[in-house]
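Okay, so here's just one chain, in structure tokens, the form predicted alone.
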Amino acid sequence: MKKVSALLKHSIIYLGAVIMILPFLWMISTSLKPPNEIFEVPIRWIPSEFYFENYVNAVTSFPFVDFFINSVIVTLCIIVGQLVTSILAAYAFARMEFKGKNLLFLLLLSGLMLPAQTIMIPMVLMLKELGLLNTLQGLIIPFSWSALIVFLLRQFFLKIPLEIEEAAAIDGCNVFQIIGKIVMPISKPIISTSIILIFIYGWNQYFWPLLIVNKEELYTLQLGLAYFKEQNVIETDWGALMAGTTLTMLPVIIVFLLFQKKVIESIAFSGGKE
């Protein structure tokens, strides 16, 4: 009975994985097809010839490199901002005692339950008052903190033996030295996990840049793809569009592969792995 149950469970998991990966495979396949094979029925998964001109068109038909650089700047700044603010906040919630700590942490977590769309209009109005509309700073500053990352880091910090930090304090380390020399090296797995989560969130942002940016030179890659499609609204070059989308996804895959091992270590450390 256990074997049947395990077989059923794995079958469902594999089916889900196949369903999830099919659009991704179609995107890569389409990016390599000549135009006359893109909408063939039944679907031709392997092109009769690899049409790399789609990638050339994707890079040259719109300012791909400029949009790519904007995305890199915005994403890296969001990662640095969230890591700095989240590590300090998480350590305070994990180790320090102050009045109202639990209430503050509860309020912080309650922010996770609010749909992002409900706070976007106040954020736009605030940025307008600060003169940050149509700036890269406007894409970065509102996302330089994250309740989710604070929560993940705090839970990890709580599992670090307090005796290690007490020994460092006896040796004369102050709070920032303890965080930098003791806590952060031990927390590499969860920090790596956080980097992946923040990178995916920052890199894939579309709605927020769409709200506050209307200068082409400030477009991120996600807006750039929509811009490319609008330019070809009468006859969309699907091959080039899929090639551009594939190139857009590459950094996410590379970052995940780089930090994959640390993510597994993080899960094992937190007791989530059986």
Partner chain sequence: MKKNKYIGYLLILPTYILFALFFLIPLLYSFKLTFYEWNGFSPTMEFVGLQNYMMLFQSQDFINALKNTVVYAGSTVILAVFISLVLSVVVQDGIKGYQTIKGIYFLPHIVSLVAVGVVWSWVFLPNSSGLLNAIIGVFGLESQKWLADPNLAMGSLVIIGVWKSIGYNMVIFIAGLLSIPESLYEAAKIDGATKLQSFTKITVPMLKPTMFFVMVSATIYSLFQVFDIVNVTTGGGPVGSTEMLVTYLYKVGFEQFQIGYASAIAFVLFIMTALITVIQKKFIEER
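Superpose the two forms; the largest set of C-alphas matching within 1.5 Å is the rigid core. Note that the coordinates shown come from a computational prediction; the quantities given were computed from them, not determined experimentally. Residue numbers count along the first chain shown, from 1.
Quick note: we don't show the form predicted in complex with its partner chain, though the next part is all about it.
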(request) Mind telling me which stretch in 117-125, 184-192, 151-159, 72-80 gets its heavy atoms within 4.5 Å of its partner chain in the predicted bound form? (result) 117-125
(request) Determine whether any heavy atom of Q177 comes within 4.5 Å of a heavy atom of its partner chain in the predicted bound form, and answer yes or no. (result) no
(message) Is it the case that N57, even though its partner is missing from this view, gets within 4.5 Å of its partner chain in the predicted bound form, heavy atoms only?
(response) no
(message) Residue-level question: is W45 within 4.5 Å of its partner chain in the predicted bound form, judged on heavy atoms?
(response) yes
(request) Examine W238 and determine whether its closest non-hydrogen atom to its partner chain in the predicted bound form is within 4.5 angstroms. (result) yes
(message) For a quick check, can you give me the residues of 7-41 that have a heavy atom within 4.5 Å of its partner chain in the predicted bound form?
(response) K9, H10, I12, I13, Y14, G16, A17, I19, M20, I21, L22, P23, F24, W26, M27, T30, I38, F39, V41
(message) Once both forms sit on the same rigid core, is the C-alpha displacement of W45 at or above 2 Å between the shown form and the other one?
(response) yes
(message) Superposed on the rigid core, does the Cα of P63 end up 2 angstroms or more away between the shown form and the other one?
(response) no
